[in-house]
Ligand SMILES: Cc1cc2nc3c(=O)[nH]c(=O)nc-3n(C[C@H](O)[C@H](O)[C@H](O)COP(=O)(O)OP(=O)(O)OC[C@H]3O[C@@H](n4cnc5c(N)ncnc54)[C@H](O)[C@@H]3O)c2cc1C
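Take a look at this one chain, the form predicted alone, written out in structure tokens.
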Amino acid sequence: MSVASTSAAAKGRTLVWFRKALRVHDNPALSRGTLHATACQPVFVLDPWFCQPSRVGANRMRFLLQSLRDLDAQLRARGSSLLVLHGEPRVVLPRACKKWRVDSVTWEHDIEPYAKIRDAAVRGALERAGVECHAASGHTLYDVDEMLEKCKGAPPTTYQGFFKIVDKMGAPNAPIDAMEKMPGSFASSDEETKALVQGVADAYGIPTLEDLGYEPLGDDEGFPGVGGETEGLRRLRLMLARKEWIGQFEKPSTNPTTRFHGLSQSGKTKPKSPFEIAAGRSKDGDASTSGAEALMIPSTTALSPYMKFGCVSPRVFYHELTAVYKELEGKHSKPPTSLMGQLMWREFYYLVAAGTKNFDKMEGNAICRQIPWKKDRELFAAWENAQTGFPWIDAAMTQLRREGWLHHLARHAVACFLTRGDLFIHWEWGRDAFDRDLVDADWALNNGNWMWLSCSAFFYQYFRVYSPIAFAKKYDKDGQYVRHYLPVLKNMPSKYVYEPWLAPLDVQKKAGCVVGVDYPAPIVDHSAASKRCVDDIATAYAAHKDANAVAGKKRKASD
């Protein structure tokens, strides 16, 4: 739809507060804040709560800074610019609105707990000062609050139940066109900007990683993708041009040993189920791919970081993908495993997260099974620091820390290993590590996936465990992925690369990797540990069933 169709446009001097929607295309908050405005100042506030390495890793912070630079370039091309203010939003924004005589402020709605507290504080201060505030929905396909109203109670916790709500909503709105020209900003020179910011913020401008207290990352280090709307849309359009690949895409069939890389026009489907693959029972035959070349085959869209920061609109993704499906005349994969299915999984988690109290915790979370997880710091540190002694797990955790990204099945494997597969460590601990290190860390998706993978919610087949040895072998027989991220094992014979502790000592010495000296011995016996985990979760499930039965009897007695 056109910008002119947005309702209740702001007037006078307006401020558009960017947070996640780091784009000019299909941005409802930006459209509302600029239409009919006499002057408009786009701002982003670098909140010290986020800007610390212990909370947001260097890879994600660099991606954010790149995205801010790209957004500034997009705005400048339209006659405006992005003013990046440093400080707490609840302090900086009221000061700015007072000094700059702002009439209204617009931003994108956010469901995260910290954001809700922050936004309420900002809104309260601004409205008390007579500034109009509006939060627009733009991070999801649908307005989450409208979807919750359709639920008429608690949101569904199954994908099938979710689609009943989607059917009630209809197709997502068409994207809003990016404007060609914006109203002038509040300052037109460096001197005017300096005077504008004085007394408002601690500092201003887009900093470097080092400015924020991070260790520097070289251009050839860390996450390989470049942040920003420009790159996100380029990647989206290149992906959508691969129509045959889109038609065949089934996410569970993609290769977890694939590293993040630039796009290619190649791409074939793989076996249907990761558990069938691990068991060697593929419906489509042997899908193993080995060698360095296999590592360069793209197996997913790699759009998740751009969706997380709102560099790419989900509605643009949806409608352009729908157009491709139309060209394929129905000859394409279907949800939940298709590309459209992945967009809908994102919506599913956002809906459940928005409608579930304490969604990011086990305690007080009505949909989360109460499981007596261990809190063993030593075991957790071994997992977090890639010192478990299981090469597949350690290679994946090395990639996570080094690059800020993991294939979704690698995420499944390391999450299963930490929780219900081997170590029985609390999923909240793993969630926190992912939230810090992943470039695409998303509050709703990260918590939802950790509950799923720990069999705490959504998925309850706790007896289906990812093997830390056999699973990756089916994709990467020779262990090229392991050798890349764990060079200490680069000379280990393929027969032992996933189980180096089984190699005779002379073989270990020849490979330059003696287990227990150059590389750690396994911290658990997988077979024994997995059996204990299954038994412990079975006990917790039985207790949950008994508690529900008792609660049901009490309800009947009170009727």
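Every value quoted in this text rests on a predicted model; they were computed, and no experiment measured them. The first residue of the sequence shown is number 1, and the count goes up from there.
One more form of this protein, predicted together with the ligand, exists but is not displayed; see below.
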#### Entry: Interface segment, criterion being heavy atoms within 4.5 Å of the ligand in the model of the complex, picked from 417-425, 323-331, 248-256, 149-157
248-256
#### Entry: Distance check, R242 to the ligand in the model of the complex, heavy atom within 4.5 Å
no
### Task
Mark H484 yes when one of its heavy atoms lies within 4.5 Å of a heavy atom of the ligand in the model of the complex, and no otherwise.
no
#### Entry: Partner contact for E403 in the model of the complex: the ligand, 4.5 angstroms, heavy atom
no
#### Entry: the ligand contact at L343 in the model of the complex, heavy atom, 4.5 Å
yes
### Message
Please tell me which of L339, L351, A472, V105 lies within 4.5 Å of the ligand in the model of the complex, judged by heavy atoms.
### Response
L339
### Summary
Picking from C311, L93, L453, M397, the single residue whose non-hydrogen atoms come within 4.5 angstroms of the ligand in the model of the complex is L453
### Query
Are all three residues L303, H412 and D440 in contact with the ligand in the model of the complex, where contact means a non-hydrogen atom within 4.5 Å?
yes
